[in-house]
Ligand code: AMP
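As structure tokens, one chain now follows by itself in the form predicted alone.
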């Protein structure tokens, strides 16, 4: 397929804000796509060439792109920088400069999707001396033959910043529309941009099947191929695979123990809600692998966790869902998440960090046991499996502290004990509940004494003045819209950020994290690529026409940086709407 056709789809999607129209456009495109190109198209529509769980990155910085533009277009680097400063977008810069080149030369070579995909994948494989020059050559090779609008999207994809507004919801529904239309007869009205499926219940069942398969596989390319070649039966056959991380089940918050019982029923299991970071531990053929909830592998960063699993979990193959909690070496008191968060990204002095900031693994669920998926088994059975295979060793690895009760007073005493131990609260779980990756479905809820905080991504900031000169301050926050893949602003925050690192989250820390992802500057204002997630407390959510989310936070305050959260894992718009409608003041 010619890349030009994909670029036409990008342009059409960028031109509309309507989710159903985007879905229709993607679905119609997929219908006409050769089967060999479907996986490539599904990845490129997300602005990537590897699925989310694949840790390979293209490793291309803006300076490298400027070199590639200089080489392919023959335009002076200073002129490229001036145009970039004017547009604030290197993709548009490439398009504008390529337009000038077009006036001087004829394009004779067609750029193919397969060529773009292959060249970009090669970028991630390069290392050693001469890497920069070889990467520049690969990018330049594409740009030399690219038309102006092709150049725009090649550069945006290279920088992993596509920004056309395609989210998980659009891709999920487009797969249904493209490959199951004969079964469900969607009847999309191109004028009203609405759908009227002949059987809404059947339509929802197909959407659910695609969503469930994606929550396990985390790869729309693979899901699209399954839908195309194996249909609904293939999607329903998708199972949990040891060694391949899947989305974790999420839990909604309720206000108290009474509401917890109402949500999950009686009797219920109550467990400590630990203030740590979530991990998935996989073991197969003697190999133990540790993943974060972002699906990033951190096995090397936590050697003690590997040893705990090796010595204290009696099974040859499994996937465990657990929480790593830090504790003080001397006092044995549990520590807040921030004290161990630095270990997640650590590449050097790992043993020293392990000795200084040890963790205890608290196992609270199991998803696969001896090669068999158990996510459809009742929670009571999954818990029994944990107790069967985990040999408890305090401050190393233990099953999550739990009681099973129907008694309100007993549950409240357990909740108070969790808070006294320094934990965040408790989880309440339905004993018959299944494990549903990626969902807040009511099989489990959390009870905390404070209002639900939000994990929000920073999308803009301002350079400080006076004693804060050289630091970024006043950070614009956004929640996530999974349907469009866009980030919706919900307010600004500066409160909670300190001037010294040892006091908590500092301006210096955030500036160091944000400087490499600045994509536009105008005066003191900067726009940044949505990469850095922070946890934010607030007094209230209010309706607001000022921000694109339609909401604003009253008195927001930064609590901590969430290095264990990816941007698309930050709080979504649906959660914000739910919190707005249920907050106590309403």
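Positions refer to the first chain, counted from 1. Remember, predicted model here, so these are calculated numbers, not experimental data.
Beyond the structure shown, there is the form predicted in complex with this ligand, which is absent from this document and is the topic of what follows.
*Asks:* Since only the chain is shown here, I'm wondering whether residue 272 would be in contact with this ligand in the predicted complex (any heavy atom pair within 4.5 Å).
*Replies:* Residue 272: yes, in contact with this ligand in the predicted complex.
*Asks:* Considering only heavy atoms, tell me if residue 142 and this ligand come within 4.5 Å of each other in the predicted complex.
*Replies:* Heavy-atom contact with this ligand at 4.5 Å: absent for residue 142.
*Asks:* Residue 446 near this ligand in the predicted complex, any heavy atom under 4.5 Å?
*Replies:* Yes - in the predicted complex, heavy atoms of residue 446 and this ligand come within 4.5 Å of each other.
*Asks:* Mark residue 138 yes when one of its heavy atoms lies within 4.5 Å of a heavy atom of this ligand in the predicted complex, and no otherwise.
*Replies:* Because no heavy atom of residue 138 falls inside 4.5 Å of this ligand in the predicted complex, the answer is no.
*Asks:* Which listed residue (431, 295, 400, 488) meets the criterion of a heavy atom within 4.5 Å of this ligand in the predicted complex?
*Replies:* Filtering the options by heavy-atom distance leaves 400.
*Asks:* Find the only residue in 364, 177, 153, 308 having a heavy atom within 4.5 Å of this ligand in the predicted complex.
*Replies:* None of the other options qualify; the answer is 364.
*Asks:* Is this ligand close enough to 251, 427 and 565 in the predicted complex that each of the three has a heavy atom within 4.5 Å of it?
*Replies:* All of them do, each having a heavy atom within 4.5 Å of the partner.
*Asks:* If contact means a heavy atom within 4.5 Å, which one of 68 to 76, 506 to 514, 264 to 272, 211 to 219 is the stretch that engages this ligand in the predicted complex?
*Replies:* Stretch with heavy atoms near the partner: 264 to 272.
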